[in-house]
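Just one chain follows, in the form predicted on its own, and it is written as structure tokens.
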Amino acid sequence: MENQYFHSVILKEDRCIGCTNCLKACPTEAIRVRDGKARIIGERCIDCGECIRLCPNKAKSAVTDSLDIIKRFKYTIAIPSMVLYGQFAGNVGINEMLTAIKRIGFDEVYEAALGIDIISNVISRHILKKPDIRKPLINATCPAILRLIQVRFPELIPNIIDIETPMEITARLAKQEAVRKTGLPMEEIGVIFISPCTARMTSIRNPLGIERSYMDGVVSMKTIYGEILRNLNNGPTENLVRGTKDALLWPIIGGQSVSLGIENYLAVDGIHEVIKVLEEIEMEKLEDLEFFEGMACIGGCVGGPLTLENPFIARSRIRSLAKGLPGNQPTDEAVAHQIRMYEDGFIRLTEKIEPKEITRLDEDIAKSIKKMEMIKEMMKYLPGIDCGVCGAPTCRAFAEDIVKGENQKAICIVKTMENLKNKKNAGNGKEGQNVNQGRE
């Protein structure tokens, strides 16, 4: 029996007041308001966290692991997102932060920079030089954007670069090294990611493009922040930094493109702006574009919903820290080894990304066509103002819900009020003010 699909974004009904903030913000129309409460349509949700960011009542939250996950394994490895470096005051160094994480109870701490530098080298020195690649290349480091493409832009799936994320590559290499060092079996070694992002949890429980994740858990940056703070300046600082300046800038919008040395690129942050550009790419209006870097959160990963610091302040701190790090200057031998890892499939996607049909009205094509006609006819009687009062994000979504039988209590309040007004005017003898409902 197939496991139920896991989502990291959940709704706390007791806090929901049925406002329409999340309804209008959701990029995939995955939210409805029914009986005064929001409802998340699981098959549409991409766990971008936009609703978490905008909910005034904290009714949306993210499912992540607690620090108790450390106790499940004999040997534990922490991989912090480099966004973490921007969450602390400017006088706190990277080694101090990494050492503090280790003091919490981890045996090892690996920077995700390890995977980033490998990806940068393989893409810039190997993949971009292939004559048959489909452009623009889309680097699916952001799991929310990857699922957005799967759901809304399936024609762009072939544009996605066939390589794993920096976190997955780092986790795989860290586990293999731990197996050699400890002699423990891989299942007794736990790799925990410290995340600024809701979608990362989903990418571990229900990975896309790979059969299984090498990460065993995700701890929210908000959850672990206090523990890191308590362990700062609590003993000698270890030298744990492995990253380069280029890798440190990767979580900031534009950082990927710059590190790859690509001139003809487009870096876009904010999921709604990303959608606009993907629409342009889908319509082949950006044919000369080589590389598209899309990040769901404003500013990049620094704007993730599980962060604490203002993204602009975090970005400034990360840039300041990056100045003290060396650039990514691998030897020819190292690059050759990394390219072999790619060609041998060690760091490539292992599963085909299949389109996720959320717009299909019916499994039967004939019935689906008939329902499309019903929606088209129904739209003639709707106001087309997409107010959200009905509990659907748009008038079309409202009509679709009715046709699919998902909203049996559907009422367009705007149209109802308009009809009542017309009847009142007709009763008062004001002929000519009665609106023909058959017109748009």
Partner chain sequence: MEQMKYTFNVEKDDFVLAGQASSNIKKLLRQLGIDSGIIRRLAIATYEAEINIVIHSLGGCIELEIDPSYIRVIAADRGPGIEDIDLAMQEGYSTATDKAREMGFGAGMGLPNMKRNSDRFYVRSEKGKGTVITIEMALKAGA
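Whichever C-alpha set is largest while still superposing within 1.5 Å between the two forms counts as the rigid core. The structure presented is a predicted model; accordingly, all values stated were derived computationally and were not measured. Residue numbers count along the first chain shown, from 1.
Omitted here: the form predicted together with the partner chain. The next part is about that form.
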Three residues, E155, R360 and I369; all within 4.5 Å of the partner chain in the predicted complex via heavy atoms? yes
Would R396 count as a contact of the partner chain in the predicted complex, using a 4.5 angstroms cut-off between non-hydrogen atoms? yes
My question is simply whether E279 lines the interface with the partner chain in the predicted complex - judged by any non-hydrogen atom within 4.5 Å. yes
Using the partner position in the predicted complex, report whether E284 sits within 4.5 Å of the partner chain, counting heavy atoms only. yes
Please tell me whether any heavy atom belonging to R134 falls inside 4.5 Å of a heavy atom of the partner chain, as the geometry stands in the predicted complex. yes
Exactly one stretch in 315-323, 266-274, 146-154, 111-119 has heavy atoms within 4.5 Å of the partner chain in the predicted complex; which is it? 146-154
Rigid core superposition, K380 Cα moves 2 angstroms or more between this form and the one not shown: yes
Core-aligned CA displacement of A366 at least 2 Å between this form and the one not shown: yes
